Every structure is written in structure tokens, then in C-alpha cells.
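What follows is a single chain, given as C-alpha cells, in the form predicted alone.
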Amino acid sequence: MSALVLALPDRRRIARLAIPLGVVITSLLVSLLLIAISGRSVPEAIEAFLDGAFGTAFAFGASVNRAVALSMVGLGFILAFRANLTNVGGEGQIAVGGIAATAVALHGHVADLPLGLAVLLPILAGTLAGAAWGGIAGLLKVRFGTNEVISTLLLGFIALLMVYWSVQSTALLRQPQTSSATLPESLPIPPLTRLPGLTPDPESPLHVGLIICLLAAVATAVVLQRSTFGLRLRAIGLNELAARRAGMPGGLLLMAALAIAGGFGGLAGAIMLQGEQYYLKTGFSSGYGFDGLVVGLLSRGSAIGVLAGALFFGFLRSGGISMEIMAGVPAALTLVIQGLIVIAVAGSVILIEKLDKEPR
């Protein structure tokens, strides 16, 4: 009898699987009900969602590419969060990363460089720009005690205005104006500076950014779980005063955490620019910074959780766009559905955390 009891699955283990699955299914059913109430065909909406998310090679590749950008922001978030820092400036870090990558690709004379440098140097520029942008928030926190939530958020707005300025001024990155109809955007980056495709299928937009993302996730997991730097970040996050008294350079660690988080955001911007969009325009970041923040929040500090959440939101984004175009689902309703699913998943995380705190 005792052996049978030991063989039974732990209640907590079952709950960890059942709660997220249950709330997601419930939120999806409520979403279908909202679509029906709006007067749209539910079967058509479901078909449009599935087609837009992974119905074709193009749709699947576009969804995964979206997940790559979200993963980068999420990885930066969990790394900073280990030091008890909340980086909400992913949108701005993506923006400055895109600006830097565009500038180097167009005006850095890199298109003819060998050994893949034409691709790598704009990526490096975007990463460094994002790191500098995150580092500013770190410096403000260490030097003046500025809350990083406020500084990263406000720096994000400044970065978005910098994108607008860059594509509106011909002295910066705007393409030459040949007529009044010339759009306020940069010239397309040279083909040799674009990320290579990952599959031989010409219809698939999937690119090597996926490999970069997986390597970044492995590196983040190793740093957080197996490195002295990760241990120090955790110590600072748990008790900054005690960590400083133990001889840890608290200010330097805080600045480094926010700079690395910003670097991930800048890398996401460079990958978005060089992987699919190929030219800079206002709004090119498309809210990825805020969605990536949600991915990081829901991952519970796990790199694998970030990848899983990013895939979920990547397919959700692609399917939502397809529902708007193919099934006529209003854009506002699509956003409501996405928000409903986010709230449901976040609620499941809270329930699991409460369950873990209960005595056995």
C-alpha cells in the first residue's frame, strides 16, 4: 500500500500542469464567445488564426521570427530581474538597436567585408547601442538612486522619438526625397548585410536569428545557474546591503545587469531589422518590447520558460493579425483576446506560486 502511495503523482506536480492548461483553455473559450458576440464567424476566425500562425511555411517562419525578438527581450528581463531590477525599456532598446544596425549597414562601408562581417558588425552595433541605453538607466540608479522602472520606461520614449527623428531627417537616415510621396523611412539595407535564411525554402522567412536566440538562451541559463556572476546577481537581488558588506561591487553589478539586459534588447532590434524588415521606419519595434516584458514576467526566471512563452506569443501575434485580415475580427477585439490570455496565464503563475508555498 505504501508503495502505491509513493507511486502516485504528487498533487503539486499535477497542479502545475493542470492549472496553466485549464486557464488557457478557458480563456480561449471565452475568446471564441467574444468573437461570436461580435457577429463574426467563429469557424472562420479559428481557420484564419491557424493559417496565420503556422498554416504555411511563410506563416510558421514569421511566427518563429517574432518569437525570436520576444525571446531576446525576455532573456534580458530575467537576467536583470535576478538582481531585483525591472527592465521595462525593451521597446526603446529595440529602437536604438535598430537605429545603430541601420546606420552601420547603410553607412558603415561593411557590405563588402568578408567572413560574414557584413552581417555581424551591424548586429554588434545594435547590441552595443542597446547595452549603452540600458547602461544609462544603470548609471542613473547607482549614481542618483533613480528607480529603473521609471528611467528605462522614459528612455524608451526618447528612443522611439529618436527613430522618428532619424527617418524624418535626410541628414540622418531618411532616404533621399525624390518627390512629395517619398516615405519617411531609411533606404533598404544592402542584401549582404541581411541575416541568411535558415531553410532552403524561398517562401520561408525563417533566418539564423533563431540560432542566435537559442545560443543566447543557453548562455543566459548558464550564467544565471552556473556562474559566479549569476550568483552575485542573486546575492545583490536578495540583499544588496549584505552583498556589499561581503565585498561585492554592488553598483557595478547593477549597471552590468541593466546594460546586458539592454544589449539583449538592442540585439532584438538588429535581428528584426536585418532579418525581415530591412529598412528603418517609425514604429518598426511594433510593441515587441512590451510583449517581451510580459514573456519575461511569466517565465518565472527560466530561460526555457522565456523560449516557451515567446513561441506562444509569437504564434498568438501572427494568428491575431490573420484573424483581422481574413476573418474580419476587429483589431480592438484581437487585442482584448490577447490581453485576456495574458491575464489568464499570469493568474495561473500566481496560483502555482501560492500552491508551492503551502505546507506539504
Partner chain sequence: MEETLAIFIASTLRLAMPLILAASGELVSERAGVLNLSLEGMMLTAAFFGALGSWATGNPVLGICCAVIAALAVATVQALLSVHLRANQLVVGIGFNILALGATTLLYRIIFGGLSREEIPGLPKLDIPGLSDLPFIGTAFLQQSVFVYVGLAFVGLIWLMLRYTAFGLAVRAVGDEPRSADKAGIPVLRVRYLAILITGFMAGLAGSFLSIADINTFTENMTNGAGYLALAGVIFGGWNIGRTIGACLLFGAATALQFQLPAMGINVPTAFLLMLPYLLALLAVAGVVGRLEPPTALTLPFQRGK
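Everything quoted here is computed from the prediction, not taken from an experiment. Residue numbers count along the first chain shown, from 1.
Same protein, other form: the form predicted in complex with the partner chain, not shown, and the subject of what follows.
- Although the partner is absent here, residue 335 sits close enough that one of its heavy atoms falls within 4.5 Å of the partner chain in the predicted complex.
- Taking the partner from elsewhere, residue 155 is found to have a heavy atom lying within 4.5 Å of the partner chain in the predicted complex.
- In the predicted complex, none of the heavy atoms of residue 301 sits within 4.5 Å of a heavy atom of the partner chain.
- Residue contact check for residue 55: none of its heavy atoms lie within 4.5 Å of the partner chain in the predicted complex.
- Site annotation in the predicted complex: the residue of 212, 88, 110, 224 reaching within 4.5 Å of the partner chain with a heavy atom is 88.
- Heavy atoms within 4.5 Å of the partner chain in the predicted complex map, among the stretches 46-54, 25-33, 293-301, 59-67, onto 293-301 alone.
- The putative spot formed by 162, 339 and 347 is fully lined by the partner chain in the predicted complex; each residue has a non-hydrogen atom within 4.5 angstroms of it.
- Contacts between 130-146 and the partner chain, taken as any heavy atom within 4.5 Å in the predicted complex, involve 140, 144, 146.
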